[in-house]
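In structure tokens, the next block holds one chain alone, the form predicted on its own.
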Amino acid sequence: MIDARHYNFAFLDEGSKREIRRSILKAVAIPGYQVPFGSRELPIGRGWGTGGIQITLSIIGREDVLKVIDQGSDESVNAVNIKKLVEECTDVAITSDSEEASIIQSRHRIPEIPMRNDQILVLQVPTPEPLRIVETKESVTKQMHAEAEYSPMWLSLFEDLTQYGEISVSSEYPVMVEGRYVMNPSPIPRYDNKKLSDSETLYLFGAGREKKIYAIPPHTDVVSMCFDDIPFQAEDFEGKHCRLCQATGVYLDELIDEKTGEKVYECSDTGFCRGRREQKTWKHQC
């Protein structure tokens, strides 16, 4: 357990937080551009969301309310430990209700309930460079972004299409931001890509191991890369519903019923599902 008396508010020293906030401001000013930053050491292994945690610790204030989700769940090991770390070094309020939260840190999902302008969504990113699948050298990918030379990415998508009959990328589906930068939207499912474009909220992406921060400000044009004659397709849950709250038009996890052996579906966003079951007056926009 962290003894708050021995640490600065939000764990990081004020100089570190200012440096990270400056990187965030630059990222907001250039949507989709990866801004290098001095990633700090944290009492958590790299690759477990340290980039997102550093952003959260740098922007959180005493009056904020925090929600942390991992693959849609509020109660996963990753989400619980991050909440415990932030709570013990800030004493801010923690919630599982996305409407109550002012800052939401997430891994692999964007909440089902549309976020507001007074909220910030922080996404944990393992691999920020979308061109890594076509080019391994950092110096080359930087030059490709500078020259907007994205033909290898288009070729990669085309090869995937010819091999499988469709683009098989299920997560980290590349997007074009403001018609300029190709960006990795983090390991969110394709279903969530549409939530990035013209959103009311600010999206911040942090990669601690790769030491990169990037952002999508509110009302930014974000388009999933696709071909003119083959439109982008997200996961299709038509005719399916959550067995717990009966929700439709949401992202569903496919499970196997232990008793019957049949396929069943549950809301990936556990907070949204819990709210429906508690008969909260949430108005979901598909």
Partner chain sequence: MAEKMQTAYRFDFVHDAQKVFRELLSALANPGEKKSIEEQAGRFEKGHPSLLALGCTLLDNEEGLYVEKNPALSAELHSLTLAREAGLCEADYVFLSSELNYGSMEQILKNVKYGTYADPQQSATIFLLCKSVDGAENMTISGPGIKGEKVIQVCPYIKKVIRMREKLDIEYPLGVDLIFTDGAGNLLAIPRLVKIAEEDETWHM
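Numbering follows the first chain given and starts at 1. Predicted, not measured: the structure shown is a model, and the values here were computed from it.
There is another form of the same protein, the form predicted in complex with the partner chain; it is not shown, and what comes next is about it.
Under a 4.5 angstroms non-hydrogen atom cutoff, the partner chain in the predicted bound form lacks residue 99 among its neighbouring residues. Of the heavy atoms in residue 198, some are within 4.5 Å of the partner chain in the predicted bound form. When contacts are judged by a 4.5 Å heavy atom cut-off, residue 245 does not count as touching the partner chain in the predicted bound form. The partner chain in the predicted bound form comes within 4.5 Å of no heavy atom belonging to residue 228. Out of the listed residues 202, 113, 157, 93, 202 is the one that sits within 4.5 Å of the partner chain in the predicted bound form by at least one heavy atom.
Applying a 4.5 Å heavy atom cutoff to the partner chain in the predicted bound form picks out 142, 146 from 130-157, in order along the sequence.
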